[in-house]
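Quick setup: one chain, the form predicted alone, written in structure tokens, and binding and motion questions come after.
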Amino acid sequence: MAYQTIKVDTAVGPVGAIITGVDISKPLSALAVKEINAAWLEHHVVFFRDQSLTPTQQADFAANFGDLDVYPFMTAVDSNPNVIPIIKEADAELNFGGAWHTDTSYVERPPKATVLYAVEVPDTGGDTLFADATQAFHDLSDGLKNILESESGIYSPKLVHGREGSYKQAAARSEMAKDYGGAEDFAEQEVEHPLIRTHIDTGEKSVYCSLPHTHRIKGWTREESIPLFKHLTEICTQDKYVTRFKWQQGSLAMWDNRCVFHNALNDYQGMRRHMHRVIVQGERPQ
């Protein structure tokens, strides 16, 4: 489409686009919001460079696209209840978000958007990979599509945040500078969602299940489900679907959790990475 208030560059990779020509620290016109939203829906991820944002300015930008939500497992920054700091200290080994997933898919209404801002980045490494789960679904065989669309999954934070979850275990081994557990009762809950999600705005279908957040296929055991989850992850994360985004201080990414997987790379040992994250409320997956 032709844009009046922004410029959109799709040369970043197979999924996503870089938006320029707008200062998102300031209030945006209705037309600018409409155009950013249109670019986001079309390209699934939009990136902004060279922005200077306070936590409240970041939250105000995100609020243009829906009501903001809170994340149950981390404490927000003092200045804004919807902005959480994601920090990997130089002496930490395990990072936050270091596996292919969609954010918080284990709640009844997962966030539709994640807005991540780079406060401090390592000299090298720390990139984030984004995978187009819509195109990946389109390219599946008709037989596998039919199987997946007839099944639902049991989603839970327990695999990561639960009493036996990976973050709890890492914190106990002192591999993380911070315990990203907490909310123990909530961390054991389960919710049912479709394995293939239909986007409420575009009507497109996408792979929605992941190894970290989908405990099992309904009616299957975890052990029976893992091979299919692994297979789908391998399909979705082929190079032809994946964009690698190199962060710079002042970069911001907004991605659509309904149709994009992401993976924060943990390849910057001995260096610090500090991000601020906001999530925008979504609808129950269909």
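Being a predicted model, the structure only gives us computed values, none of them experimental. Note that residue numbering follows the sequence shown and begins at 1.
Heads up, the form predicted in complex with a small molecule isn't pictured, but that's what we're talking about next.
- At least one heavy atom of T128 is located within 4.5 Å of the small molecule in the model of the complex.
- Taking non-hydrogen atoms only, G97 approaches the small molecule to within 4.5 angstroms in the model of the complex.
- Although the partner is absent from this view, L116 contacts the small molecule in the model of the complex, with a non-hydrogen atom inside 4.5 angstroms.
- Taking the partner from elsewhere, H215 is found to have every heavy atom lying beyond 4.5 Å of the small molecule in the model of the complex.
- Stretch 100-108 is the contacting one of 148-156, 135-143, 200-208, 100-108, since its residues have non-hydrogen atoms within 4.5 Å of the small molecule in the model of the complex.
- In summary, among the residues F61, W247, Y241, F229, the only one with a non-hydrogen atom within 4.5 Å of the small molecule in the model of the complex is W247.
- Residue in contact with the small molecule in the model of the complex (any heavy atom within 4.5 Å), chosen from A264, V15, I19, I24: A264.
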